[in-house]
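Okay, so here's just one chain, in structure tokens, the form predicted alone.
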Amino acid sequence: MFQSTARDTLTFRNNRSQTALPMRRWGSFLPGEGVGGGGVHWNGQTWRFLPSDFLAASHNIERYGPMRPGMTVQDYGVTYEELEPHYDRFEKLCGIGGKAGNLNGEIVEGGNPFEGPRSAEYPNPPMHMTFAQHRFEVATKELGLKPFPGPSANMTEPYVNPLGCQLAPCTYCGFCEKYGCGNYSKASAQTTILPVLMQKPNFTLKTLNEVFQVKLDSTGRRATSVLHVDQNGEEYEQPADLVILCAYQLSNTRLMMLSGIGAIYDPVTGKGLVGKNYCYQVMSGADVFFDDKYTNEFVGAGALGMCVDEYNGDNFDHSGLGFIGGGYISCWTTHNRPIERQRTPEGTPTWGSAWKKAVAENFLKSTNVGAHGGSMAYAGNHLDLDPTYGRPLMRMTFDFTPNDRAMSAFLTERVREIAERMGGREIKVSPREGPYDSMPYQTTHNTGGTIMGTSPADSVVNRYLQSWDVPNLFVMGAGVFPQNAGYNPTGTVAALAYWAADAIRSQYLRDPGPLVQA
């Protein structure tokens, strides 16, 4: 299910003064392996970014003044309004369940009032909420907030998508995250599009192959083929008139570097762009413990949750707060797998009989309120190649920034306020503290490295995800995000892919060449 670190991994360090060490076991994030990649083991939380997220630099500068030293935030070069039809198409492909909060500019009760205008209601209704979500809803309303059901790629009823693929209703088994769905209830490539593609005579799927280089012609301005290796170590060359990189964000960035497409970013000189603006997410939360109420969180699904969006993006006034951006706050019941989920109250020993007793007593009577924060780009956080190894590994240099820490501290206090109102016996707050640690799981939401923009001076790809340097090369995925918003990235990755595909079909194939003049 996950990329084998014995075959391929990356090296990590918090800053340039440290020696980057290989990750021997995935922890903080889980790159997928095989057909469908991380889309097989994702939870299914499917968001649209806010309109202001695509204008993170210009919008915030206009409202709050110049960016802080070291911050390299920039606009996407495409707007929410341009992407809206593509968001809608992806949500229909996946049968997303939810409740619209803004239909064609009209605010709708029960949905997210802060979202950008959408042209249609979600194709499916929201998930059935459990005890924890009901408590969260009451608590947030008491605080004057507007809770709404999280958008879910876990089916809430039988669904046939526009391509004719059938998905079954979710059974709330709690095995979405880190697992493939055996019930055809979670949107993935396998359930929504591959059954149709496999029947097309012009589509060939080659599994257990890795592309390790894009070959260029003598000018360096045109891709001519890709080199790939199969599971037996046999190498092949596939000629191509058009190359589209659709691997995971880290893999796309590394492939660009290994292929010599664009200059690798140097944080000291500021030169180069490939690997620039690596961003992540900033998480914190609070556990809530009950005495006489059963949360029974073994009944769950990857995107079963209630959320509030008052503290996301620029939905609130940041004046004097010392940060920009934000995140949503939610109560998800994704799973309660007993080996993996061991909530215990403050002061519980970390091992022994007292720990076992606390785990048993609280397993069925606890829940969590979490903050899912964005990540603003800084010059020091980046990706490059580690020269220590023969075929260079990707090297990640990352730590939480002053903006991350100030934002997370603010969100964590809002989490505390909600958790305290949920009526539990006690709460246990887990703020974001210390340097970034690559081992505890957080999210697989790595972004940046092949960023998009309006000029080759500040971006790797243009607004249609076309390489400025090699016009017959397009790059998909979250690597094109100039910074990361407060939401899960999948919906925006998909909308951008549809946006780019439309430009390829309607513009590039008619007249191959740059779609945006530098």
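For clarity, every value in this text was computed on a predicted model and none was experimentally measured. From 1 onward, residues are counted along the sequence shown.
Keep in mind the form predicted in complex with a small molecule is missing from the figure; the text below concerns it.
No residue in the set 260, 464 and 468 has a non-hydrogen atom no more than 4.5 Å from the small molecule in the predicted bound form. Residue 441 is the only one of 436, 316, 355, 441 with a heavy atom lying within 4.5 Å of the small molecule in the predicted bound form. Checked against the small molecule in the predicted bound form, the candidates 251, 368, 397, 188 yield a single residue with a heavy atom inside 4.5 Å, and that residue is 251. Heavy atoms within 4.5 Å of the small molecule in the predicted bound form belong, among the stretches 160-168, 442-450, 103-111, 191-199, to residues of 442-450. The small molecule in the predicted bound form is not approached by residue 230, whose heavy atoms all lie more than 4.5 angstroms from it.
Put simply, residue 474 is far from the small molecule in the predicted bound form: not one heavy atom of it is within 4.5 Å. Using a 4.5 angstroms threshold between heavy atoms, residue 490 counts as touching the small molecule in the predicted bound form. The small molecule in the predicted bound form is not approached by residue 483, whose heavy atoms all lie more than 4.5 angstroms from it.
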